[in-house]
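First, one chain by itself: the form predicted on its own, in structure tokens.
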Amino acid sequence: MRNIRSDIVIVGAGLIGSALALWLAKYTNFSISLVERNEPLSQPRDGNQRVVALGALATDFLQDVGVFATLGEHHCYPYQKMFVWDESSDGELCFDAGNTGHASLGHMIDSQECTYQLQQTVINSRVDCHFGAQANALDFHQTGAKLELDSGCFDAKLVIAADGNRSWVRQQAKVFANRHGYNQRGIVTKIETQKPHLECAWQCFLSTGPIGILPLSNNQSSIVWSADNVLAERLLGLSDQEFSLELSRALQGRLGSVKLLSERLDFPLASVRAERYYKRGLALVGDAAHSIHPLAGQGANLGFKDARVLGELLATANQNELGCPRLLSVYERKRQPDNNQTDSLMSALHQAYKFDLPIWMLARGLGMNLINTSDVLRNALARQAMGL
């Protein structure tokens, strides 16, 4: 088994891991390795259901590493407005990019296409890439970490876990993560609506979970329907036509009739919080450190914030400081409170719309309408939605 020396080894070549590898390769002189258990993505098909809503900070990061410009309108669609309402009251909220000083509220980005472009870019960079590489063991020592693969063994100053909310690296490092399930599933699919989406992201809060309509080009949209498990099971068992009718009714006909353009996929919804974001020789980023409810679409934005903060800290370090707890503790102090606060807010909103007491529904509607009449409050929430 060959030994490979690398200053920084990133495990996980998804959006955050690949983007961070490219950023570090561009702005530091450290040797960077990227390890991914799967083979690189093939050119995605147009039917991908999953998109991420990215704000300015995240898209600036993608621009910085040379990938944002590779995404055409079909895979990267700017949206100008966001309309939110409560099915059980008259509460409504509307955010408009024109009131924020930005050209758009953000971009709806095809997650598979973006990951594909990131992986292709990183493969052709100076980053030492290992795709289809199975990790077998991870040990930490005073000067860094040793990561054992089928193909060799890495000696690294720092291992960065970017391998998702069930992170193998986090488990091997014995970093505890609290996991709270919402007893919901997220149903995703691509649709076309009878009425134009008006470059607007639409969100309806139901007592059984919110529905997000994420606008794409050609009047198409991607949906994320967060539904309680019993309802999700029923929805997944419907025919395409029955599901389309159910979705149109749940949206109260605001977008007219609905036509499905892809199959429905689903995934369990949970909040995951790592107890800590580092130990000697280790840092956690993205979903390996935190995973939140998708109702506001902030998960990827938080991950890119992690990557930016950690990257900038590492760029100030010398080689011997890379895995130093003193340096990595600064990263945790800068990112953990923001991530936990956002997670708590998402959980609170999730609970708030599950109660169906008349007095509570009335108060909920009054609260939404009050915010909608206040430029200060509305713009503050808009900035939160934009990932700023």
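The first residue of the shown sequence is 1; numbering continues from there. Quantities reported herein were computed from a predicted structural model and do not represent experimental measurements.
As for the form predicted together with a small molecule, it is not shown, yet the points below apply to it.
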I have Thr121, Gly311 and Leu314 flagged as a candidate spot, so tell me whether each of them has a non-hydrogen atom within 4.5 Å of the small molecule in the model of the complex.
no
Which residue among Gln220, Ser89, Gln298, Gln203 has a heavy atom within 4.5 angstroms of the small molecule in the model of the complex?
Gln298
Within 4.5 Å of the small molecule in the model of the complex by heavy atoms, the stretch out of 256 to 264, 287 to 295, 137 to 145, 271 to 279 is 287 to 295
So, in the model of the complex, is Ile160 in contact with the small molecule at a 4.5 angstroms heavy atom limit?
no
Arg50 within 4.5 Å of the small molecule in the model of the complex, heavy atoms:
yes
In the model of the complex, does Leu328 come within 4.5 Å of the small molecule, counting heavy atoms only?
no
Given that the small molecule is not shown alongside this chain, does Trp168 nevertheless sit within 4.5 Å of it in the model of the complex, heavy atom to heavy atom?
yes
